[in-house]
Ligand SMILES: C[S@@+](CC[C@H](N)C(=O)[O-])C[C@H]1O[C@@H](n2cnc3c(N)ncnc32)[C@H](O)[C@@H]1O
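Next up: just one chain, as structure tokens, the form predicted alone.
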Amino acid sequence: MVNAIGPLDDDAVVIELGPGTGVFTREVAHRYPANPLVAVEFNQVFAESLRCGMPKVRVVEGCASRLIGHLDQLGIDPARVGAVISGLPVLSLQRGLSSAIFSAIAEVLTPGRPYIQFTYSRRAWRRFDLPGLRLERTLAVWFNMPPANVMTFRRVGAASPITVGD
């Protein structure tokens, strides 16, 4: 997940959606110490745990579909967002919520910036339209149990729906 972020300017913000217990959060903070990290977590228990355990991370307790509002409350210009990573279980969310989250991601990323998603089923992603996002590559993680995939999308210039293919 973290390898897929790539190089970032020092002031570029990394947003993590659904950090849960903070496995990826800790690695992002370690590898990108000069970059602000915003973790958006819906679960109050996880959010509080992250706040206590990682005081340098800006933890937002709220819905990932409201990224612009969260950034506004934190005083962060969306143009500073360098990458969005997500461990959200998007495949199990209601389709309307998934669509709102994808739109929010595209809204905060400028063209060329990555959105990286951890998932257990690449094939199931074919049912989604991701506005303004293009699938760039998929990496199988065989050592994960069960095996998983890291999908890297790239923000494209137009916000027209783009379907994830095989």
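The structure displayed is predicted, hence computed values, not measured ones. The first residue of the sequence shown is number 1, and the count goes up from there.
One more form of this protein should be noted, the form predicted together with the ligand, which is absent from this view; the next part is about it.
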- Message: Which is the contacting stretch out of 108-116, 29-37, 57-65, 130-138, given heavy atoms within 4.5 Å of the ligand in the predicted complex?
- Response: 57-65
- Message: Is M145 near the ligand? Define near as a heavy atom within 4.5 Å, in the predicted complex.
- Response: no
- Item | G82 within 4.5 Å of the ligand in the predicted complex, heavy atoms | no
- Query: Is there a heavy atom of I76 no more than 4.5 Å from a heavy atom of the ligand in the predicted complex?
  - Reply: no
- L93, heavy atom within 4.5 angstroms of the ligand in the predicted complex: yes
- Item | Residues in 17-36 close to the ligand in the predicted complex, defined by a heavy atom within 4.5 Å, in order | G18, P19, G20, T21, G22, V23, F24
